[in-house]
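Next up is one chain by itself, shown in structure tokens, the form predicted on its own.
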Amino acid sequence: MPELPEVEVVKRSLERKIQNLDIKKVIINETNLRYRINPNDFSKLKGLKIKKITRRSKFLLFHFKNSIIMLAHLGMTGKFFFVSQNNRKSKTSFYYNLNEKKDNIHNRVIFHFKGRQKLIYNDVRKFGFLKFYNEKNYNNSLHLKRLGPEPLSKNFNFKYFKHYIKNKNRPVKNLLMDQTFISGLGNIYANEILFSSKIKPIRKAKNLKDLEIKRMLKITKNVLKKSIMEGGSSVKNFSSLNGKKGSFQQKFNVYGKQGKNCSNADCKKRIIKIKISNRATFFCPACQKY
């Protein structure tokens, strides 16, 4: 499942291509996504302009005229393709290379713009979804209303962090993946942040010291910024609209590195894999002692 950096890169790719375009029509090939599609919602988009595209946590928000917002979540295999005026299809997402025959089977919703351009929502496993809200109440949706602060925002700070973990017995790894604490992080970045912070994943959150909290805050922001800058991370092939593949996954320190040497030059240990709350967790037993 894509995490904050991947979704942010998709957002930036899309806003360069489809922002300010007018919807001509929407073709729905499949109504049974994670949540059933209501064709009437899409019929209201005809003739409307996409004012802007934003991101909240791992969600994309398409802002249309008439105060309509489409909330999109990519699930496990959801992706957007853009088709230009000359019928050239580009990836805005991740996973495998473009394959016209296989892709066409899983094209679920096609947005046709004036000027013969198209945006295709493709989803193999159909765990993603597209939902509609009014601009006045979308923040109260079940998907958004309980989200914690964005990790790159000023609201994710020392005061907030320290207050939140008071009396929290949960492992710090679980804390980082809790969307009510911090929005947008998943398993990949939780592993990488803890390694760079030199904190053991099973450490109780309430036992973090002030200096460790400050270090985690700084590292979290730096890791995410770096990943966004390098095109996002994906264990599969991510590429943005300009064809650049996400390269941050080539620089993982621990994620997926079970049995390999620690990336720290002065460390002789190998990366260990354990499970915390049924999620694969990778860490260095020497660099992450505490």
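One-based numbering along the sequence shown. What you are looking at is a predicted structure, and each value in this text was computed from that prediction instead of being measured.
Beyond the structure shown, there is the form predicted together with the DNA, which is absent from this document and is the topic of what follows.
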>> Residues P201, F252 and C284 are flagged as a possible site; in the model of the complex, is every one of them within 4.5 Å of the DNA by some non-hydrogen atom?
In response: no
> Which one of these stretches, 112-120, 71-79, 210-218, 153-161, sits within 4.5 Å of the DNA in the model of the complex when only heavy atoms are counted?
Replying inline: 71-79
> Does N169 reach the DNA in the model of the complex, with heavy atoms at most 4.5 Å apart?
Replying inline: yes
> Looking at the partner-bound form in the model of the complex, is N174 within 4.5 Å of the DNA by any heavy atom?
Replying inline: yes
> Is R16 a contact residue for the DNA in the model of the complex, using a 4.5 Å heavy atom cut-off?
Replying inline: no
>> Please determine whether K257 contacts the DNA in the model of the complex, using a 4.5 Å cut-off between heavy atoms.
In response: no
>> I need to confirm a contact call. Of S43, N32, N261, N38, which residue comes within 4.5 Å of the DNA in the model of the complex, counting heavy atoms only?
In response: N32
>> Give me the residue from N107, Q179, S84, S196 that has a heavy atom within 4.5 Å of the DNA in the model of the complex.
In response: Q179
> Which residues from 113-128 come close to the DNA in the model of the complex, meaning a heavy atom within 4.5 Å?
Replying inline: V124, R125, K126, F127
